[in-house]
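The chain below stands alone and is given as structure tokens, in the form predicted alone.
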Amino acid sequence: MQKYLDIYFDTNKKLRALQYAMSTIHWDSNTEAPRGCFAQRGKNSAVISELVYKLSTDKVYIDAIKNIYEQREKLDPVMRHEIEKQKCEVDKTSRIPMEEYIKFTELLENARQMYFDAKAKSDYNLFKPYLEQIITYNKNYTVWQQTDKLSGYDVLLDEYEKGFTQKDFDNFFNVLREKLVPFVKKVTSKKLKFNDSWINAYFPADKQKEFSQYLEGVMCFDLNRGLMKESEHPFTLSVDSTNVRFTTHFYENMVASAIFSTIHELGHATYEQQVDPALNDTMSGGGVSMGMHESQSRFYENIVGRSYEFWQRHYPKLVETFPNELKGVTLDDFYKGINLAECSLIRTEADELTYALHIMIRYEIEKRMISGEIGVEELPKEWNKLYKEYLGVDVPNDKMGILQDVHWAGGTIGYFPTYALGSAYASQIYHKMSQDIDTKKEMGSENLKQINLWLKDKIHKYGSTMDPKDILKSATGEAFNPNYYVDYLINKYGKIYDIK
């Protein structure tokens, strides 16, 4: 077997290097690359993608994986899981026609830039032809990857959260419809009294950046292995645990947006920095799934970052940073403001309570988009209709409607449901964590070191050496249970809004 292991490790070293190059291009594209470079950059990305494709589908490499796979019982559990996962991945890649794989990579490079142009002009028609091609590719992908167990939209869902199908997500969202939606209606019908003068007041961007840097310290982000920049859509990129980068944004009339975008992305970044360094030279490093990754970002953003205990400790620093802007605004005013629940238009700015409704809308659209029930021409109308039905709001334009999210421009269909799933995972993880450590005390500490250590030991260090369902069960002692999410939200918002 050693001959095959040598081939496997040598090829993976090259694949990781190419991925490093692609990651750097992606980072540059979304932070500071000049607009004029995008067409040429797309061509260069296509060349790298071709190299990746050829390496990952090379007969010698595939034969090595197959031979190791056949002898996998001789491997340690981590390596066995990796080779099973890699066997699955090379099988998937080999089913994609090379010319389609390369064309799609180049399409996405151009589609993202056209998406940003379309969003700036609030004109869906500019982006529509690109989206049509992206949907067509994803439909073709479901055919190429169809198995006895997975077909249609399930193929795409499995890409982002292995083991979760449309049936699983339907059951999850049905629990939310039954138990959470009626509660949301009760909460959003009440008026929360507090001084809200600060919510849309002017907060200088340079000072917002200063506070975001303070938050890096609170969350123990290692600046020797990571950095922060700005982008239109905040995101986190990790090459390995030694190179973790994230972006945030600063809206001068929405200070909370910067604060929670920063905490959210730092949640992703903390996960990546706490993966066992021994996995950096394997194909098992990095977060295990989108759902588990979102559980970490939303745990830090909402459960910790919107808690009273966290701001008891850190609100004085915020006031010190913005003494004039927050003059007369009490801790209670601020706490109620960051937990204000209302039906709104923008997913990324949605409150913790109503957030899942935004995801349910996207989930319903994606199901019907992939099944062919609705086409690109009908998408804005369907989007607007569901926002009225689920959240009772009218969508004024494309920018605040169908064009508000970048995900489809990046080719990621099937990703959205993991956001809601991640929030539910987070509540279940929080329930278990609270049995092991004094979470309220640690949320109000100078930094989140003890919380980080618990998550590292239970989740982060494993990287992707197990499936997400197994990591969740290992960390919490039970299988996924959405009722923790519902109970957490009802308990928290019941207290804030005085609903018995």
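In this text, residue numbers run from 1 along the sequence as written. Every value quoted in this text rests on a predicted model; they were computed, and no experiment measured them.
What follows is about the form predicted in complex with a further copy of the same chain, which we do not show.
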Name the stretch, out of 390-398, 251-259, 140-148, 223-231, where some heavy atom lies within 4.5 Å of a further copy of the same chain in the predicted bound form. 223-231
The unique member of 466, 33, 453, 437 whose heavy atoms fall within 4.5 Å of a further copy of the same chain in the predicted bound form: 33
Proximity to a further copy of the same chain in the predicted bound form, single hit among 213, 195, 93, 243 (heavy atom within 4.5 Å): 243
a further copy of the same chain in the predicted bound form: contacted by all of 70, 79 and 283, heavy atom 4.5 Å: no
4.5 Å heavy atom contact, residue 457 and a further copy of the same chain in the predicted bound form: no
Can you check whether residue 18 is within 4.5 Å of a further copy of the same chain in the predicted bound form, heavy atom basis? yes
Residue 57 versus a further copy of the same chain, in the predicted bound form: is there a non-hydrogen atom within 4.5 Å? no
In the predicted bound form, does residue 25 come within 4.5 Å of a further copy of the same chain, counting heavy atoms only? yes
Scan 293-313 and write down, in order along the chain, each residue with a heavy atom lying within 4.5 Å of a further copy of the same chain in the predicted bound form. none
